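In structure tokens, the next block holds one chain alone, the form predicted alone.
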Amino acid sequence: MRHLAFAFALFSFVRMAAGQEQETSRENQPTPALKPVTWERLLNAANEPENWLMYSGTLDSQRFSRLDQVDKQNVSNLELKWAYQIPEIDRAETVPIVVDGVMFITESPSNVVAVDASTGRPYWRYDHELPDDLRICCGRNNRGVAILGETLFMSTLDAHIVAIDARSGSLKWNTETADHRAGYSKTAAPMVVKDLVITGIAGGEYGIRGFLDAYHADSGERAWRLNTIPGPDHPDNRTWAGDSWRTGGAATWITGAYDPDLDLIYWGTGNPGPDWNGEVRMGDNLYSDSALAVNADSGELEWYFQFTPWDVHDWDAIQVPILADLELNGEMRKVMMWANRNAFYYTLDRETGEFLVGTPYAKQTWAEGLDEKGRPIRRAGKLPTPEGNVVSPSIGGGTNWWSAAYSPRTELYYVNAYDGEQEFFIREQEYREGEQFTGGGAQNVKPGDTYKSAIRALDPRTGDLRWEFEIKPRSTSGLLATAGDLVFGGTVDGYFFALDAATGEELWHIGVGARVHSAPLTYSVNGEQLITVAAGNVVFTFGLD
């Protein structure tokens, strides 16, 4: 690449400069004037593509930007503009938001910093003090913030949600949502709906009982809670044997979507617990591994669709739902698009939860297919055993929590897919509060690079594959689609790339030196389109030369 050497030289300079800037900016400085982010602005976020106002860009979670200054003809001219060095050494999973030239970046484990979106120069930072007795499954991560008015909202590893002044970084309120000592934690970006902050919970590997919460943005008081495992007063509780519902998991640990016309929040739920020993929780285990449609005002469950009843392979339905209006069979339908961890792609009617389309998009050996209602038809002999049983997909799934994207220009759904397999084991385990409660595990039978990993473009009307871009080793990056007809993503071995959204042809790549384990975003400042991605311990921002 003709800009590669220059970009790395610039990276070294900017990294050093960023470190010096952070050393000399110990005192918080107020951000420049930014317009309050009203609910009206969030509703119409697609109309101001110069900003990136929420985790997935817009409430429909398409991760599509109308910016087109960077396109197929000039994307090869992208070069590094600035880099921000995260001081805490850990992997970065953050998707920053950008508001009127200010970028808000979350850092591991539960911190946030405001920087100039055109230079990366820090304004202020907020550090959330954590207790020493945290119980977390899968890394000291934080994936982002939400904003309403002049207040940021962040989830924390000790299962709190905090409100932070977006101008100064000062704390406004701090609400505990659950007891971290029992294994509850929070890593995902909240979502604002009207005057409520919607936030899920992590900790499914600790035998928690999952829930989805709404908090009043001005006070931090809880407005409603939806338990993702119904209690004994509800008929769906019968899908859990005995008292297994009490420790059944079904966490809600990634961000959802919202339809303002239907006033429905859509959120995914995690695996049942214990993860692999389903013998102690016989039944469908509602509402684990499900898409939930929730009334935004009351928190009442309007409908659900369960992807994997009685999951014994840890195939969470923790993928960000993507909403769009599509013509299917000559009729316009309000749909939800979902490539599930169980290796099946689904298109659902988001008004009713009706199953419309379902087909494998990655290698799977556990099901014969889906019936007319979308329920999987299991193959015999594919359950975990004490000796181990090889099944596709692996624990990581056909995909995982990293964000898919959708382009209304190509009408294609883009997903980071993997054709792996693992050997699944079962074991007996007693529940003890605050300890992991998994009932088994899995191990590789071949090196991970043996299996195909690819960005796949699917037709959401049929689930058919339109193109794929193969990547090795397996990628764990989220994706971004733009009106420049580009799809951006990254790799485990430290590359950031752009593809032709219509064909999958690679148009540009650059080495960023570390794993991309987050999703890119795009915005503009003073008329210049910029693309940002976190890789390793650095937030990189690129623009045209």
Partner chain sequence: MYRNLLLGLLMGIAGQAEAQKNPFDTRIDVRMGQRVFRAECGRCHGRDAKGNDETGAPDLTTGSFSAASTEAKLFEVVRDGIPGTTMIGIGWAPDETIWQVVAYIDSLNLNPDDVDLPGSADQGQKLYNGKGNCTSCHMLGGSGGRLGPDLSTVGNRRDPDELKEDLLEPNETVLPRWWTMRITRADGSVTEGLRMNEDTFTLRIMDKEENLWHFSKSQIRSSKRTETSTMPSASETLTMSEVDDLVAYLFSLRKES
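No experiment lies behind these values; they were computed from the predicted model shown. Numbering follows the first chain given and starts at 1.
Keep in mind the form predicted in complex with its partner chain is missing from the figure; the text below concerns it.
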Contact with its partner chain in the model of the complex, heavy atom within 4.5 Å, among Gln73, Asn77, Gln443, Ser170 goes to Gln443
Heavy atom within 4.5 Å of its partner chain in the model of the complex, from candidates Leu370, Cys137, Ala223, Leu262, belongs to Cys137
Region of this chain that lies against its partner chain in the model of the complex, out of 115-123, 143-151, 467-475, 236-244 [heavy atom, 4.5 Å]: 467-475
Gly353: heavy atom within 4.5 Å of its partner chain in the model of the complex? no
Heavy atom to heavy atom, is Thr359 within 4.5 Å of its partner chain in the model of the complex? no
Within a 4.5 Å heavy atom cut-off, is Asp493 in contact with its partner chain in the model of the complex? yes
Test of understanding: in the model of the complex, would Gln429 fall inside 4.5 Å of its partner chain by heavy atoms? yes
Heavy atom contacts to its partner chain in the model of the complex at 4.5 Å, residues of 416-439 in sequence order: Phe425, Arg427, Glu428, Gln429, Gly434, Glu435, Gln436, Thr438
